[in-house]
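Just one chain is shown here, as structure tokens, and it is the form predicted on its own.
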């Protein structure tokens, strides 16, 4: 499968969709900003157990967060000595990020832009990171090469997205994922749900590997996440499902020098 330009309307639609729901993320943003603990995904899997950042030097590192939303990932990294820049296309989300900077600190630069086209100089960062954000709301055929452009040689990319299995089992309506496949894996790329105004992007593992490598990355690790034993059901996934099958995955790659 070659590069596909499927963002003719997705950037504008996602920006509008996230502006429409920005108020819903104020509470979660406050909770995340008010803690120093780094966690991942729907079930807040702790970094100490996940290890997605193991071996990455954060103190003094230049970091770009692609699709930062309310900016809590950047805040966590800044408190560990990193110099983050938050990137997001949504005015409402960035307004919340600025509010939380004033309330909790620290402050760091925030730029309104889509992950597919970041108005920053190439070769400026040691780490590019995305928890959901660009990882599912930007076209991987565009945002992954853009992440590579932004990184210095040897810089790392860490991003969390829905697992391929979850995407294949998630129905179009507002219902949790079940045990049956509801969409084909072949040709998986642009995904639209009937109850969501936005546009998501997901790739099968083989195609994700190909795009990462063609963008100039060496793939280091794929971490699959499950719900912890005491987890509760979420809007689109039950704890029982996520305890049996990975609901999220974290990719880690390094830009080839």
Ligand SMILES: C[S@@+](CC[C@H](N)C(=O)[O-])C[C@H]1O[C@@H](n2cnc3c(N)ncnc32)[C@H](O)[C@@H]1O
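This one's a predicted model, so the numbers in the text were calculated from it and none came from an experiment. Residue numbers count along the first chain shown, from 1.
The protein also exists as the form predicted in complex with this ligand; that form is not presented, and the subsequent description refers to it.
- From the list 119 to 127, 171 to 179, 69 to 77, 103 to 111, the contact stretch for this ligand in the predicted complex under a 4.5 Å heavy atom rule is 69 to 77.
- The candidate site formed by 166, 227 and 248 is entirely out of contact with this ligand in the predicted complex, as no residue has a non-hydrogen atom within 4.5 angstroms of it.
- Remark: residue 162 does not count among the residues lining this ligand in the predicted complex, judged by a heavy atom distance of 4.5 Å or less.
- When this ligand is considered in the predicted complex, residue 146 lies well away from it, no heavy atom lying within 4.5 Å.
- Remark: residue 84 does not count among the residues lining this ligand in the predicted complex, judged by a heavy atom distance of 4.5 Å or less.
- At a distance threshold of 4.5 angstroms between non-hydrogen atoms, residue 18 is in contact with this ligand in the predicted complex.
- Along 121 to 152, residues 131, 132, 133, 134, 137, 138 each place a heavy atom within 4.5 Å of this ligand in the predicted complex.
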